[in-house]
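First, one chain by itself in structure tokens, the form predicted on its own.
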């Protein structure tokens, strides 16, 4: 992992997101708490280095919790350095819904999961999607997002129509 790739991702992401913070494992909980607006819901992170346990994030939300949540926290499985784009895998933990429903999305991205470009990301997706289809398990679907949800279908650019209005990225470096 080149540190230049992490810096490139952060620079690209900052063109569209509200913040992109590089942190280490020891600083993760503080960095996360600074970006939460409660109530917060999340999907289990599936990272060995950091977790949402012992935080203000509910990882087993009800339908009502989704309706009232101000922040959703989900892991990005891949970050594209050239565009600052993240990929959210659709898993049983509700990652996709958590990333799209609340008005604020906090993305947790392991620095080791940053790739240079879309071609490198698709190389990773190909094997993951093939494995998911063969096993019948989750992981055959994902969302690529660059910044907050936005549309200009009706004229002026409007953010937050089909997803979060704010996006904050936490890049966790080992």
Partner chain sequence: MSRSEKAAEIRRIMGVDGENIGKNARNLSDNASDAIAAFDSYEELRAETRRIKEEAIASLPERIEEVTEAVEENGGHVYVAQDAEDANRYIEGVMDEQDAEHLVKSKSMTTEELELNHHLEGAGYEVTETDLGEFVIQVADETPSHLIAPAMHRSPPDIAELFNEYFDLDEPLSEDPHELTEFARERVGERIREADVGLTGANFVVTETGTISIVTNEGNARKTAVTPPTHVAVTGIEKLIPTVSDLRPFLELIARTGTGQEIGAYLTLLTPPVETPSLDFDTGEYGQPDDREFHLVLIDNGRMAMREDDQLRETLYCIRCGACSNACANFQSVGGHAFGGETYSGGIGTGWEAGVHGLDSAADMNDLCTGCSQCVNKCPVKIDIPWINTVVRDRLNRSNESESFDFLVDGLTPDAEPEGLDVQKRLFGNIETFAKLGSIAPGLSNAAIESSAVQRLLDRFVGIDSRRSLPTLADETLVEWAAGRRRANPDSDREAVLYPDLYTNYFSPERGKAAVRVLEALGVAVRVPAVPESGRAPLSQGMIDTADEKASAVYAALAEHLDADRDIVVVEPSDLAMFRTEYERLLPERSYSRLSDGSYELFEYVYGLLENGAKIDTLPTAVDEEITYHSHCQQRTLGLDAYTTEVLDRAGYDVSTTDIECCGMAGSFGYKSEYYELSMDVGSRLDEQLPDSGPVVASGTSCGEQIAALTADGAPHPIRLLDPRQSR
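Positions refer to the first chain, counted from 1. Here, rigid core means the biggest group of C-alpha atoms that superpose within 1.5 Å across both forms. Model, not experiment: these values are computed from the prediction.
The same protein also has a form predicted in complex with the partner chain, omitted here; what follows describes it.
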* Asked: Heavy atom within 4.5 Å of the partner chain in the predicted complex: which of 126, 53, 48, 30?
  -> 126
* Give a yes or no for residue 39: in the predicted complex, does one of its heavy atoms lie within 4.5 Å of a heavy atom belonging to the partner chain? => no
* Could you tell me if residue 26 has a non-hydrogen atom within 4.5 Å of the partner chain in the predicted complex? -> no
* Taking heavy atoms and a 4.5 Å cut-off, does residue 138 contact the partner chain in the predicted complex? -> yes
* **Contact of residue 145 with the partner chain in the predicted complex (heavy atom, 4.5 Å)** => yes
* **residue 156 C-alpha moves between this form and the one not shown by 2 Å or more, core aligned** => no
